[in-house]
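A single chain comes next, written as structure tokens; it is the form predicted alone.
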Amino acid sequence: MIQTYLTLNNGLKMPQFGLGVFLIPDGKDTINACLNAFKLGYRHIDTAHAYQNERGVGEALKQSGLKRDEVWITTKLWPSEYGEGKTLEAIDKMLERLQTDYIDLLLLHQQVGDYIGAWKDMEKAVKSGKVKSIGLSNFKENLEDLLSHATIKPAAIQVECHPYFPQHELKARMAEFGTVLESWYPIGHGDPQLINEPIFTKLAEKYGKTNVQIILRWHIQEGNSVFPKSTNPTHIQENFDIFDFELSKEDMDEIAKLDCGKRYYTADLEEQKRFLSWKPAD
């Protein structure tokens, strides 16, 4: 398959499609999922310290025989690691877990805690070469505050995004910085109502694809970076089999009508502050 790329605001080209490893146990499960993906041509893995499987990602890359610059690794810092000095130490530990000299894209995982201090350390990590690109995940209420303090503007922002909630307002807000959008819950948290929308069933028949493949292709043409999670080799292959067709403008216009503002994760800022009480293991 022909992988597509997104050009970030620092000029680096990021593989647009990848494998997400959220909720995949560390060790053989993560290693095997990544190795299966690499064999198919995946070149982007999305992990996080909070996922507790960075070691598996690093080991898979080592076993794959691929060169380091052939694979893009995105990972995320947890709020317990935020703060000047503290974040640089956390990045060094992250590099050890991943068995790599640098991280392609490092995100702040949540919008609580000392995210300003963390961002300053992330900027230092970019200057030292330990991190190539930096960005945000799940920032909403505190987005403007972070942006006002950022010397290096976010290369990417990772948020819930799917046809029911395509994030047009956020994209418009971040356009001035050249920030790309990365999607989690790309198929609406597996919601059968979304997946089985008549338009997807119709287009699946038209193109000889599955409904999920139509949704993932929509993400690609929307300009989103997307990395569906799976440990099933068949699903890993099916998810990636979306680069041999293209939805028409009329198809995209029909899908756009599904935008209804529906979200599957609705915790507000106060609820998110509970993240401050948890610390992922090193």
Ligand SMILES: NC(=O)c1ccc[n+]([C@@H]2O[C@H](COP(=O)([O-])OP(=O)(O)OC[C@H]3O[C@@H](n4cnc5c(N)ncnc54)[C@H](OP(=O)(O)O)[C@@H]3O)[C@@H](O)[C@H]2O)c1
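The numbering used is simple: start at 1 and walk along the sequence shown. Just so it is clear, the structure is predicted and the values come from calculations on it, not from any experiment.
There is another form of the same protein, the form predicted in complex with the named molecule; it is not shown, and what comes next is about it.
- Comment: the named molecule is not present in this chain, but in the predicted bound form one of T100, S80, N138, N142 has a heavy atom within 4.5 Å of it, namely N138.
- Site annotation in the predicted bound form: the residue of T87, Q158, S133, T75 reaching within 4.5 Å of the named molecule with a heavy atom is Q158.
- The shortest heavy atom separation between N232 and the named molecule in the predicted bound form is within 4.5 Å.
- In the predicted bound form, the named molecule stays beyond 4.5 Å of every heavy atom belonging to K93.
- The shortest heavy atom separation between T30 and the named molecule in the predicted bound form exceeds 4.5 Å.
- In the predicted bound form, the named molecule stays beyond 4.5 Å of every heavy atom belonging to P166.
- Of the candidate stretches 121-129, 185-193, 144-152, 200-208, only 185-193 has residues with heavy atoms within 4.5 Å of the named molecule in the predicted bound form.
- Taking the named molecule as it sits in the predicted bound form, the stretch 11-28 comes within 4.5 angstroms of it through a non-hydrogen atom at G20, V21, F22.
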